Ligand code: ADP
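Consider the single chain below, provided in structure tokens and representing the form predicted on its own.
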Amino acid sequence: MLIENEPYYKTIGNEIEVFEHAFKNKLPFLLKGPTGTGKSRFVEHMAWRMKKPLITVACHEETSATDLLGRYIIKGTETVWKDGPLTKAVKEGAIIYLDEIAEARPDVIVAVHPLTDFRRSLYLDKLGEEILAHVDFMFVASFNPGYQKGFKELKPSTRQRFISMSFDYPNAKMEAEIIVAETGVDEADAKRLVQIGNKIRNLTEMGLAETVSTRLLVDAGKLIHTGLGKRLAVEVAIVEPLTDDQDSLAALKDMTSLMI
């Protein structure tokens, strides 16, 4: 779909320039980085900026090649073929964004390989048909390196098919600006939320599976802006999503309550 209204995105480096050149050169683009660092918002912003339709697929452990390519369905008394999101993007010249591609089943990687090299084609085994990608088609994927190491990693042979950029949390000033722009919360509260986020990010000894994303800080800012108590907003939007361990929760709540 075409994105009509500009999605807010705070430029961190030269990612916009790199994306535009990747599109010009028909190169697949891999975004690497922790969850909540703006990868999906960046892709939405670029689709709007370039006036290209965007199709997003949130990959998970059950995502199969059939889900992306298409399948036969029963329609009335007939069996008809229905294109999947990847096939539709290839035909129509859209940007396809596979969010967390490493989470998908291995047959997905096999299916997309011909789209990520000089062939730029898609083979539909069930139809016995090969489709050459539209000139405006672009393949974009995201990947959270290091998540569940050894289990959800992309193979080097796959990673080397993409040009890649690393996304990380913005510096404190930029992150506060993002929170203010996204939520309308005042600058002082935004800065305190950033301080809380950075404090938790540095608590490596707690062994949290994921740390505080900018997304969580924005969620807390939205709650504060609409009048929820600041400590409660931080608790439900930042602390609780991070862990279910009661000792860790208690420690994080004690720490954050002193900072807000």
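Numbering starts at 1 and runs along the sequence shown. Quantities reported herein were computed from a predicted structural model and do not represent experimental measurements.
Keep in mind that the form predicted together with the ligand is not shown, yet the notes after this line are about it.
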| property | result |
| --- | --- |
| Listed residue that, although the ligand is not shown, lies within 4.5 Å of it in the predicted complex (heavy atoms), from 230, 225, 52, 215 | 215 |
| Contact residue in the predicted complex, from 178, 141, 138, 185 (heavy atom within 4.5 Å of the ligand) | 178 |
| All of 48, 56 and 95 with a heavy atom within 4.5 Å of the ligand in the predicted complex | no |
| Option from 40-48, 230-238, 62-70, 197-205 whose residues, in the predicted complex, bring a heavy atom within 4.5 Å of the ligand | 40-48 |
| Distance check, residue 21 to the ligand in the predicted complex, heavy atom within 4.5 Å | no |
| Contact label in the predicted complex: residue 242 to the ligand, heavy atom within 4.5 Å | no |
| Residue 35: touches the ligand in the predicted complex, heavy atom cutoff 4.5 angstroms | yes |
| Neighbours of the ligand in the predicted complex among 1-21 [non-hydrogen atom within 4.5 angstroms] | 8, 9, 10, 12 |
